[in-house]
Ligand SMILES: Cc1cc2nc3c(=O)[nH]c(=O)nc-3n(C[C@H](O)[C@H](O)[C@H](O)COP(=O)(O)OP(=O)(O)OC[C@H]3O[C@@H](n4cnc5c(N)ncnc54)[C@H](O)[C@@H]3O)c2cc1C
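The chain that follows stands alone, in the form predicted alone, written as structure tokens.
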Amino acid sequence: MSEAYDAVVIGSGPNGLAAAVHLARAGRSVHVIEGHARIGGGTRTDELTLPGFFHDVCSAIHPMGVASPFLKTLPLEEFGLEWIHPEVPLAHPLDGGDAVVLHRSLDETADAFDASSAKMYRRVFAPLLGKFEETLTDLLAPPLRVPRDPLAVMRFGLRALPSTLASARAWFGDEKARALLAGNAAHAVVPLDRPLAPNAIGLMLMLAGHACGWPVAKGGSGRVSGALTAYLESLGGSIETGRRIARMEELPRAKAYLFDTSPSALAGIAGECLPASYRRRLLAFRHAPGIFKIDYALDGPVPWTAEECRGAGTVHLGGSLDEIVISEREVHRGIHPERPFVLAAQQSVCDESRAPAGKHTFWAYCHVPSGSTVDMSSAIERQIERFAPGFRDRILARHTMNCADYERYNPNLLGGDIVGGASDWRQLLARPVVAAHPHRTPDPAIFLCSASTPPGGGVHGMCGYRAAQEAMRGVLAKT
């Protein structure tokens, strides 16, 4: 291909597409190259089980998508994206038929706890919720930038700094409140007795649930990437699929190259364009544990014992705080938990386009040691049956993916890591390396824009947006 572009983006996940859109909106010529036959990265939807059952291959629920400071500025609804909010954003069943629910209303959520825990829940979350948009924008900003609202960021940071285990025990005497915080913090894929990352991610997810909900994309998560692609093409950008890049020499000529890939993939493709010392630092980037996931085609809704779970878009299956702490700790020790913490989504309870009339889809995964090929189906289904007896009788078909399957599906998901790298406190500061401008590389024309850069994992597009900003300030500044 002889045509020259202002920018070429390698990878079409939400971050790669966000980078391309931001550059195209600024009038730059942009070309996206995707190795898979279809665009989307972690936002694809396929008929994985039976005809007419549409399953999200990776990401499924999008609190950060609807909250994203960048995605909110785009007219994606004009290009086919429609957010649907379930009746309940999140439910967390407990033994004995009870459940704790994250409602959109902070007060409705708190009122389910004992008086002391309800008071503390409001004390923790109400001040943060009042400054949610400002705090989120600051937390998703480039590192070392002075916050627009330092007081709000400090207030969030003080709550996020301790471990989730310590915070849950200090804040709440009510086991339901403790479990709710633990389930959200477990999204970090970091042991809950470690400081900062689990608590920060758990608090932010809960705040997003209160502020803007946990919606699904009507028709599947593929509609997110589809809308971004359609908008990019309306701006003059172009996309090429089914083309894997192994070396820089295979890329079209461009002034800037933005990689929506893992750090190791960037090191391999860029080769000697980058100093050996920098490549070694990229290769030393640590990845998170992987996942084992099951997609189900069901003959009816999941028969939850707790009524509150039946209208929830997301269900956390892990029982008490202590159980979740043990499960996540075992994963990081290389152990496959007998009682894994299971993250489940039932998109068809609010989006009937996902399955034939009267049928349902169900999406469930657990964390496992990196690279695992162990079949966790029985362990996952025991957890589901624990809170929904008779679930197995509703199963029409299953589709499973282990860590190796995910890495084959997308080589950037190393060891089955779907969050773009370990999110412990060290890699919150060094993502992918310690640098004032982490999206830049020593080559002024090469940038990294994946979830392995700040602000990290999630379908928010902010990593791509920030990398595109860096390119605009640098090599594309005079274009």
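For every residue, the number given is its place in the sequence shown, counted from 1. In this text, all values refer to a predicted model and were calculated from it rather than measured experimentally.
The discussion below concerns the form predicted in complex with the ligand, not included here.
A.B. asks: Does the ligand, in the predicted complex, lie within 4.5 angstroms of each residue among Ala168, Asn199 and Val325, using heavy atoms as the measure?
C.D. replies: No, none of the three is in contact.
A.B. asks: Please identify, from 223 to 231, 291 to 299, 387 to 395, 374 to 382, the stretch that has a heavy atom within 4.5 Å of the ligand in the predicted complex.
C.D. replies: It is the stretch 291 to 299.
A.B. asks: Please pick, from Ala67, Val30, Cys58, Leu448, the one residue with any non-hydrogen atom lying within 4.5 angstroms of the ligand in the predicted complex.
C.D. replies: Checking each option against the ligand in the predicted complex, the one that comes within 4.5 Å is Cys58.
A.B. asks: With a 4.5 Å heavy atom cut-off, would you call Met462 a contact of the ligand in the predicted complex?
C.D. replies: No - in the predicted complex, heavy atoms of Met462 and the ligand never come within 4.5 Å of each other.
A.B. asks: Taking heavy atoms and a 4.5 Å cut-off, does Leu414 contact the ligand in the predicted complex?
C.D. replies: Although the ligand is absent here, Leu414 would stay clear of it in the predicted complex, with no heavy atoms inside 4.5 Å.
A.B. asks: At the 4.5 Å heavy atom threshold, is Phe341 in contact with the ligand in the predicted complex?
C.D. replies: Phe341 lies outside the contact set for the ligand.
A.B. asks: Is it the case that Arg155, even though its partner is missing from this view, gets within 4.5 Å of the ligand in the predicted complex, heavy atoms only?
C.D. replies: Contact check for Arg155: no, nothing within 4.5 Å of the ligand in the predicted complex.
A.B. asks: Mind listing which residues of 25 to 61 have a heavy atom within 4.5 Å of the ligand in the predicted complex?
C.D. replies: The stretch touches the partner through Ile33, Glu34, Gly35, His36, Gly40, Gly41, Gly42, Arg44, Val57, Cys58, Ser59, Ala60, Ile61.
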